[in-house]
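Shown next as structure tokens: one chain only, the form predicted alone.
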């Protein structure tokens, strides 16, 4: 089999404000290799500040989201080159996982097929995760003699109840999309035929919201995980003050005007018309 060129390991297109980014190694069930990890970071950075991108969706080509790290290319071949190569490869993968966690735009994981091992890194990196009912989630590392590394154990511990996370990591048994939803790994699971439509529906809703407020909200939720209530309260106050410097004050003023003066929207039921910002 001819090796796929590095620039072809990730595919993407932008349509109607949504960037559809795809793991593109379907012949390998989208296993993540050093080449793919490098290319994914390039793609994410190229899309992050494009004006025509409001939401990013991370999907997979073929019958898998990603089967995790490529055992041949990421592990065996890298280990043969020594510690320096191992560290470089780790930084390349962890680097784009981190970039995804703190992305400037809202992100959605659209998971169909396999999501294994190292795939838990980008799964956690995305803000919202929608899976098909029959997707398959697994931490199989224990079955071949290692612990679920690369952040995978932390992701399970972070998203799942303790007893469920421990069982998942120690037993190496797989979860369906519906089980992953019930145990907190994903936001929602839907029939496979409805997956793209549901992801598009969520992306369309996110597109209508104020981008700066979305960014501040997603960062606040992530930052507050390890904070006490008092520290989190203080953080939110400072974050709101910072948001004002990035257009938050104008957005709040316009939303209040639309609610009180125009009576054109109800905050508890819908989003204000951000398109009117700057018209006055």
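Every value quoted in this text rests on a predicted model; they were computed, and no experiment measured them. Positions refer to the first chain, counted from 1.
The protein also exists as the form predicted together with a small molecule; that form is not presented, and the subsequent description refers to it.
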To verify the annotation, which of these, 234, 52, 241, 27, has a non-hydrogen atom within 4.5 Å of the small molecule in the predicted bound form? 27
Since exactly one of 71, 197, 205, 83 fits, which has a heavy atom within 4.5 Å of the small molecule in the predicted bound form? 71
With the cut-off set at 4.5 Å between non-hydrogen atoms, does residue 183 touch the small molecule in the predicted bound form? no
Could you confirm whether residue 59 comes within 4.5 Å of the small molecule in the predicted bound form, counting heavy atoms only? no
Touches the small molecule in the predicted bound form: residue 44 (any heavy atom, 4.5 Å): no
So in the predicted bound form, does residue 127 come within 4.5 Å of the small molecule, heavy atom to heavy atom? no
Contact test, all of 11, 18 and 107, partner the small molecule in the predicted bound form, heavy atom 4.5 Å: no
Within 4.5 Å of the small molecule in the predicted bound form, counting heavy atoms only, one of 185 to 193, 112 to 120, 161 to 169, 99 to 107 shows up; tell me which. 112 to 120
